[in-house]
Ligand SMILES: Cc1cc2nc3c(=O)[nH]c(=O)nc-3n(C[C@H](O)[C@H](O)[C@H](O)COP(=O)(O)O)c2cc1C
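In the block that follows, a single chain appears as C-alpha cells, in the form predicted alone.
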C-alpha cells in the first residue's frame, strides 16, 4: 500500500467520531494511563505543570482522550504499612488539592480538543485480596483476606473517588479490573475462595466490581462515561470464554459505556506492557471476540506501534478504538504524521520498556530510549535556539547519530565519521537477532532523518588525534566512539574456541553446544542467546548474579525468560566462571565457593559488556583542543536510552552557548 493510501486509510478510519455513552470521541485512538512514571500531578508546581504538558502535547495530535492514573485510598488496620509496586495508603482523590490539580489536566485536554479520563485502581495483594491465596507464583508477599466490613469501607472510597473526579470535570471514569487489581482478583474462582456474598458463584464474584461501578455511576451521572478495563484472558484468573461472560454480565447492568480489553499480566509472558518479542497488536483478535459478544464499544490496547496498525485493527473490526501509549511516548505526533502521509518520519518505538524500567528498576527519571524530548515539553520545540558552528561527530552509533541529528536540527553544520561500512554501532549488530528487528527500524529512521537534515556521513573513515579534519578551530568535536567487547581476566578467555559478542552476532561462532559467559545485567546477552539458539545451537548461560537480567523489570523479564525457555536455553545462576578450557567451563558458586565443571561445549561466547573506546577524547582533551565532548558508550557502556539522553544534554549545552554568545 502506498503512503498516500495508508494516509487515507488512517484518516478515514482513525479520525471517524464514535459515541461513548453520552460523549463523542473525536477519533479512534486513546492514550492509556502511563504518566505516573512521567510526571507527578500531585508534586511541586513544576512537576504538575510537566505532567499536564506531557499529556497535552500528545492530545494536540488528535487522540480522543488521555488517561490520568487514579489510585483509590486504602482501608488498613492502624499502623499497617503496605509495600510493593503501586501499594498505596492515601490515593490522590483524598488530596486537598485534587480538584484544583485535576482540573488543570481536564482544562488542558479540552483546550487540545480531547476528553479527559481517569481510572479507579486498587492493586490486589498490597495487602488486600479476596482470600489468603497468592495471585502469582513469583510473589510470595502474603495478602490480607479483606473482610466484609473492609469491603464496604473500600467501596465507599470508590464512591468518594468518583465524586471527586466528577467535581474536577473528568469526562471518563474507568474501573481498573485487570493486572491483578483487587476487582480482578475477586473474579477468579482459584484466588477467590470466599463463602460469603462475594465468593462462589459468578454472580457473587462479580459483586465487588458491580458495586464499585454502581457507586461510580451514582456519582458521575449519565453525562459522563464509565468504562471497564479488563484482561481478555489469564489462566490464573479466567479463560477467554469466562472473561466474555463476565463482560456480558457487567454490560447487562446498564452501568458501563465501553470495555477496554488488554492482554498479559504484571509479571508473566507476556507482560501487559509487551516488549519487542511480539508482533504489533498481536492480541487484537481477542478483543474481536469481546466485540462480537458485547453491545458496547470495545477498545484494544497492546503493543500497537503505529497509526497504520491501529487503523488495521479498527478496519478489521477487532475493536472500535485502539490504545497507544509507548508509540506516543516515542513520537507525540504519530497520528498527525500518519494522517499527512509522513509515516516515514515517525520516530519508532523499539519496545525495550526502558521507559518504565528506568523508573521502577534503576530509580532514574522517566526516559524514552528513542525520544530524549519526552518529559521536556515545557522547553518548547527543539531547534528554536540556533547553533552557528560546525560540528564533527566521531562515531555512528546511537549516541553519535542522535547528537548529529539534534545539532543539525538546531542549525549546526554537521559531519559524522564512522569507521565501519554502516552506521548503527552495536545496535546494528543487535538488530540481527530475530526478535530485535525494531532496532533496525530505528536505525533506518535515523538514517532518513540525517539525510533530510543534510548531515554529511563519511563511512569507513577513522579519525585520529592528528587527523586534518580536527584542524579547524571553529569546529566542536563530539566523540562517540563507542566501546569494544570486554574480555574479562578469566584464564582461558583468549583460547581458540572463545569468542566475543560481536563474533556471535556476526555469525562467526559454530557448534551445537555453546556456553555463554554473562557479565551484563540487561538485554544484550539474551539477544546473543536468541540468535545462536534460533540458528540451531544449544545454549547454556552462566550468571554470577542470583537472577538473570537483574536490570530488566517485571514488565519485561517474563517475556525474555519465556523466550529463552521456548528456545531451550538453559540458565545457570550464582556461578562465577573462573576458567575456560577446551570444551569446559569451570565455575564457582559466588556464595558458598563450591566449584564445578560443566563440559561438552564446542565454543564459549563472552557476553560481558563493553569497555569504553575513549582514547580519542583523552588525547584531544590533553592536547588542549577547544570544545570536545564525549557521549554514549565511549564514556561508559550503557543502554540506548542513556546514549540518546546524553546526546540531548550535549546538544543543549551547544544551544545554551549559542544563546549566551559564548560562540557565534
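All values derive from a computational prediction rather than experimental measurement. Numbering follows the first chain given and starts at 1.
Just so it is clear, the following notes concern the form predicted in complex with the ligand, a form of the same protein that is not shown.
Undergrad: Can you tell me if residue 356 lies within 4.5 angstroms of the ligand in the model of the complex, counting non-hydrogen atoms only?
TA: Close contact exists here: in the model of the complex, residue 356 approaches the ligand to within 4.5 Å, heavy atoms only.
Undergrad: Can you work out whether residue 525 and the ligand are in contact in the model of the complex, taking contact to mean some heavy atom pair no more than 4.5 Å apart?
TA: Taking the distances in the model of the complex, the answer for residue 525 is no, it never comes within 4.5 Å of the ligand.
Undergrad: Would you classify residue 119 as touching the ligand in the model of the complex, given a 4.5 Å non-hydrogen atom cut-off?
TA: It does: once the ligand is placed as it appears in the model of the complex, residue 119 has a heavy atom within 4.5 Å of it.
Undergrad: Indicate whether the ligand has at least one heavy atom within 4.5 Å of a heavy atom of residue 127 in the model of the complex.
TA: No.
Undergrad: Among 192, 426, 446, 274, which has any heavy atom within 4.5 Å of the ligand in the model of the complex?
TA: Exactly one listed residue reaches within 4.5 Å, namely 274.
Undergrad: Just one of 131, 188, 301, 500 has a heavy atom within 4.5 Å of the ligand in the model of the complex. Which one?
TA: Checked against the cut-off, the match is 301.
Undergrad: When the ligand is placed as it is in the model of the complex, which of 313-321, 459-467, 480-488, 171-179 ends up with heavy atoms within 4.5 Å of it?
TA: One stretch meets the cut-off, namely 171-179.
Undergrad: Across 315-344, which residues bring a heavy atom to within 4.5 Å of the ligand in the model of the complex?
TA: In sequence order, 323, 324, 325, 326, 329 come within 4.5 Å of the partner.
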